[in-house]
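Given as structure tokens, the chain that follows is alone and in the form predicted alone.
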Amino acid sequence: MFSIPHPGNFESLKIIVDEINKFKKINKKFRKESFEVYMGFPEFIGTGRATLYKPSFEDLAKQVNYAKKNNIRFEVVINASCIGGIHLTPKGISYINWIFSQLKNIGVDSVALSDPYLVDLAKSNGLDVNVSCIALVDSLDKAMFWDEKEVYAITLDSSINRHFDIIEEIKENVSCRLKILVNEACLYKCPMRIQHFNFFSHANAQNIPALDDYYYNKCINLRVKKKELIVKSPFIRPEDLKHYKGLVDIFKISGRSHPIGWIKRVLNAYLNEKWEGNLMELLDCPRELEHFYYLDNRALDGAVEHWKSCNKLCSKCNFCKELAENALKVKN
């Protein structure tokens, strides 16, 4: 299955559905492929990413119905990493239950959440739950905690995308589906990840007038100083999806805060499992780096074979640094 980012407005959904249907007509293998779209819905709780468009419940119901008519699952993302404790107050519990009941009545297939109490509330309202990557599931112990809650799926923390041994261990010991982010290019083991998610969670729900996004700017600054950090980012190239088939069930494309034209480009690349040119044009977080760097996708051919057996002791290995010197160039 492919999970596709949706900016939130009806017109974008129609474009995504048209693109999926086009692929099904052209390529027979996609006629049996399953698809879902996911969108942020920062109603009271907030989400861990910027949200371009917030539909009303009425608009959302129309979109869910349209997706289902085209045999596409619809997931709503409410994955704030911090809610300030309001979800544990009588008022908060009541309002969140109301939101979940509305989503159930609308026909939403699943909700993406990161808080265990919210997972319990969602399931008590009859909703299937996808555990968000913001829950930072990077070990079997964490995965089993969520699996025991009988969730529909777990989206793995992208920091273990190249830890094939950990993914395999999780796959062998849980009954739920596993999702993996294919094009998120956050820093490997980012020390600011949870703080950045907390910032977005509060900013989306409370409209905080922040002067700047310190974490985002710092992220870019670090990559300018050490460009090997770009190669170490746990992205999965379109050509390398085959190495994950059988290990994960759902390939999730990151980028719901980006324009629909960018989403179409990335979707086409991953469905075709092929991309020629600058890989930066497919990577989310931070997308702006595509204007400064050219990452030759062909120069990365075969690198996954090293990463599959890599012990991740970076101080004793220069593979990614040498690869960056060869594959990554500053644009003129």
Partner chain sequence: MKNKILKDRDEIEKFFIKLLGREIFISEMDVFASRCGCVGIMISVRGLFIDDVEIFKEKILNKLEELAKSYNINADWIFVRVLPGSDDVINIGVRELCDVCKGEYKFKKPRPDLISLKF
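Positions refer to the first chain, counted from 1. Not measured: the values here are computed from a predicted model.
The protein also exists as the form predicted together with the partner chain; that form is not presented, and the subsequent description refers to it.
On the criterion of a non-hydrogen atom at 4.5 angstroms or closer, are Asn217, Ile220 and Lys225 all touching the partner chain in the predicted bound form?
Verified in the predicted bound form; spot residues all in contact, yes.
Counting any non-hydrogen atom inside 4.5 Å, which residue from Tyr293, Phe35, Tyr270, Tyr38 sits next to the partner chain in the predicted bound form?
The option sitting close enough to the partner is Tyr293.
Identify, from the list Glu276, Glu288, Asp301, Glu58, the residue with a heavy atom within 4.5 Å of the partner chain in the predicted bound form.
Checked against the cut-off, the match is Glu288.
Residue by residue through 315-332, which ones have a non-hydrogen atom no more than 4.5 angstroms from the partner chain in the predicted bound form?
The one in contact is Val330.
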